[in-house]
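Just one chain is shown here, as structure tokens, and it is the form predicted alone.
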Amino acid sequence: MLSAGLPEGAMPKLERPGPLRERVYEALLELITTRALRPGQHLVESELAQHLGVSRQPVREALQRLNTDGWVDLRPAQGAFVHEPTEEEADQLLTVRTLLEAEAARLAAAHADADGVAELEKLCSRGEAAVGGAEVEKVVEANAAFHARVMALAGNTVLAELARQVDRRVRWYYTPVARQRGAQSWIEHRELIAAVKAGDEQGAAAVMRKHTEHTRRSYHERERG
């Protein structure tokens, strides 16, 4: 059943205003990236339509687009399934992420002012509080917000656009290891803030490289459930 394993209220019905097919696509993609819909899970059009409060047509269109974008597998005579990423797929993407974010950290150290550093400290405190409360979803959100802010402080629009292209898949891979990474991830964030505040470009890049490599290793060492 589709609803098995879905948290209570995880799939709200969509309001009608706006392009419906886009709203259905975004709703399903969010459920996939947060792993409310888990890799390998069977996606039944009629059940999705019922949960979202729409007809089957926009759901069918969304599933086709998700298939094109690599989030869903359409199997002949079987239906739609959430894509199960291979270890190689994850490794390639997380390696690219390291390259992008290490450069972003270097540029952030070169350009960030006191206000930018204060914003990073505020986001870090938010993440630490979420870890303390064992709130995995909030940890993932805070982690994404922190890394997005570092990218913004870098001030390179091309780099930021490349990062946006991989951001959702990074969240997808980070979610199952967020608890495992725990407080250590935020200790590393504090180290990064210190390097950015000091204007230490090479130090910031090195900290970010080590940080993202730890996440990549954690993904490969994760417990599969």
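From a predicted model like this one, the values you see are computed outputs, not experimental measurements. For every residue, the number given is its place in the sequence shown, counted from 1.
The form predicted in complex with the DNA exists for this protein as well; it is not shown, and the discussion that follows is about that form.
K.L.:
Please run the contact check for G155 against the DNA in the predicted bound form: heavy atoms, 4.5 angstroms, yes or no?
P.N.:
Taking the distances in the predicted bound form, the answer for G155 is no, it never comes within 4.5 Å of the DNA.
K.L.:
Would E45 count as touching the DNA in the predicted bound form under a 4.5 Å heavy atom rule?
P.N.:
So E45 counts as contacting the DNA.
K.L.:
Closest heavy atom of Q50 to the DNA in the predicted bound form, within 4.5 Å or not?
P.N.:
The answer is no: Q50 has no heavy atom within 4.5 Å of the DNA.
K.L.:
May I ask you to check whether A205 falls inside a 4.5 Å heavy atom distance of the DNA in the predicted bound form?
P.N.:
No, A205 is distant from the partner.
K.L.:
Please identify, from 141-149, 123-131, 74-82, 109-117, the stretch that has a heavy atom within 4.5 Å of the DNA in the predicted bound form.
P.N.:
Of the options, only 74-82 has residues within 4.5 Å of the partner.
K.L.:
Quick check on this chain: which one of T34, Q57, N67, Q184 has a heavy atom within 4.5 Å of the DNA in the predicted bound form?
P.N.:
Among T34, Q57, N67, Q184, a heavy atom within 4.5 Å of the DNA in the predicted bound form occurs only for Q57.
K.L.:
In the predicted bound form, do the Cα atoms of A160 and A62 sit closer or farther apart than here, given a shift of 3 Å or more?
P.N.:
Closer: A160 and A62 approach by 3 Å or more in the predicted bound form.
K.L.:
A 3 angstroms or greater change in CA distance between N67 and A163 is reported in the predicted bound form. Closer or farther than in this form?
P.N.:
Closer together, by at least 3 Å.
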